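Okay, here we've got a single chain as structure tokens, the form predicted on its own, with questions on binding and movement later.
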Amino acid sequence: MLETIDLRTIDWSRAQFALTAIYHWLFVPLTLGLSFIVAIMESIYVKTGKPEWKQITKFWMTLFGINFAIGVATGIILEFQFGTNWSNYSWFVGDIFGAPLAIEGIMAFFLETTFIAVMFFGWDKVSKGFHLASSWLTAIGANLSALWILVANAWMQFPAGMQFNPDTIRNEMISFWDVLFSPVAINKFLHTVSSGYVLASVFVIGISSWYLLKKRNERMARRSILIAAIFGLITSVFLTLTGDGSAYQVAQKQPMKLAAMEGLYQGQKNAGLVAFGILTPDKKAGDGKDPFLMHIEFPELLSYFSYRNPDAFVPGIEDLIKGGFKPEFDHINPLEKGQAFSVDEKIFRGKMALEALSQYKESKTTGDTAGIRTSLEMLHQNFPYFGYAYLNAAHDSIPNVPLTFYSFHLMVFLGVYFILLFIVVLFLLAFNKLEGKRWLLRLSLWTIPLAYIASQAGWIVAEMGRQPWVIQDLMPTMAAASKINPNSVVITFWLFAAIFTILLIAEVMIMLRQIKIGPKDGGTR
């Protein structure tokens, strides 16, 4: 069905998309979280009428604006790549994937850009109530924009609300609500935006700690830390709950990703959750080697978190390759109820689906009604494994285990650390002892880059863990790329790398300059 594509084109297209996504995600989380923190601060100003809260609000609003502007630029380039580098993907699912992206563009334009203008330039020009409403609507608009992007991404992880049209060889949406309210989409949205709230909280605490270390703007810094620590602690707890929900969905919809996240090669009942581990570097599925050089685990927790049953069997990578085990849940395809298929069986059925599609087209041409009916039945029965037809071997279905495993555990470790940080900061602030703990202030400042690392690690787990799929089970990455000259992708890769690096350096410099200046009136002690 698809033409052969140069492997260099695929590799460089993947690298270019990863580059753009990583840079874009440096800006988005701070926008999501800081917008709400600013709105909360302004709400306190409107409620109390104290000028110092207006000064605090305007300071953090300035940092929000700097970050927001550069984030928009990287996001536009990211979406363009679906048409340039991933045209086969866009053709195959464009009718579904394009809908949430279109809504995001409209919503971002009409909601964010309208009210962000009032938010920045409406001080003393509109009423306090209208300005406050604009700040809240900007925050809501930014997060709703993220909703549609994450709905599109979640659909790639779990394609729902669609059917395949053999006449156009495209997937078409049959239920917008199934796409929007997919359990994967709901958990992905809530988990991702709450991670942005935590990052923004760490950012505000870190910058405010710098002011306390410098003995500048101390009143502003203490109030900012109070708001950020409370906001961060609440959203951290929520982040933990949504993380559990996301892992539960992964266990049901993407068991290979779950196995990679835990370095689980041999399935187990009463499976333990790995708290810390060092993987055997050259471990391969089926080689008989121990997956870990050493590890510490919590007994039975992986079975419980995956299936809400501590006695449940969690399939490992080798089980998923070989099949034959009894799943703890119903697969998407009713044929697999009772016994999971091997990857080889799925490859065979994927090829049957491709063959049925070819027979359907031939029967349509010749007017063979019986052939049309038979081929359609075979196609629909085997379509859930359509993408497996493009895999060369069963081991091609295994993601990069070390990268997925270490990214996942780093993300979880840092998430726990952030919760502890928020608790300690709030405790010391309550007893007026925070300024005396200069080691903690320095630690808070250096925690800012750790928050960005945790955020990036989360996306690495989400995207690398589902490889080789660009659409789970339906289209591997190798089949999604455009048939273009690889040299053009290489050139644009380095061009984007240079542009984004310059933008990042510019943002950091502007941010640092603004932070050094501080609130315009110099703040209050």
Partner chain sequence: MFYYEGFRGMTVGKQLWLIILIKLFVLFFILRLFFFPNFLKSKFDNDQDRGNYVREQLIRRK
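Predicted, not measured: the structure shown is a model, and the values here were computed from it. Positions refer to the first chain, counted from 1.
Keep in mind the form predicted together with the partner chain is missing from the figure; the text below concerns it.
Contact annotation: of the candidates Tyr304, Phe158, Trp136, Trp91, the single residue with a non-hydrogen atom within 4.5 angstroms of the partner chain in the model of the complex is Trp91. Comment: the partner chain is not present in this chain, but in the model of the complex one of Ile169, Leu293, Ile106, Ile453 has a heavy atom within 4.5 Å of it, namely Ile169. Although the partner is absent here, Ser482 is a contact residue: one of its heavy atoms lies within 4.5 angstroms of the partner chain in the model of the complex.
Taking the partner from the other structure, the partner chain in the model of the complex has no heavy atom within 4.5 Å of any heavy atom of Ile56.
Under a 4.5 angstroms non-hydrogen atom cutoff, the partner chain in the model of the complex lacks Thr501 among its neighbouring residues. Residue contact check for Leu180: none of its heavy atoms lie within 4.5 Å of the partner chain in the model of the complex. Figure note: of the listed segments 395 to 403, 182 to 190, 114 to 122, 428 to 436, the one touching the partner chain in the model of the complex, with heavy atoms no more than 4.5 Å away, is 114 to 122. Interface residues of 440 to 479, taken as those with a heavy atom within 4.5 Å of the partner chain in the model of the complex (partner not displayed): Met475, Met478, Ala479, in sequence order.
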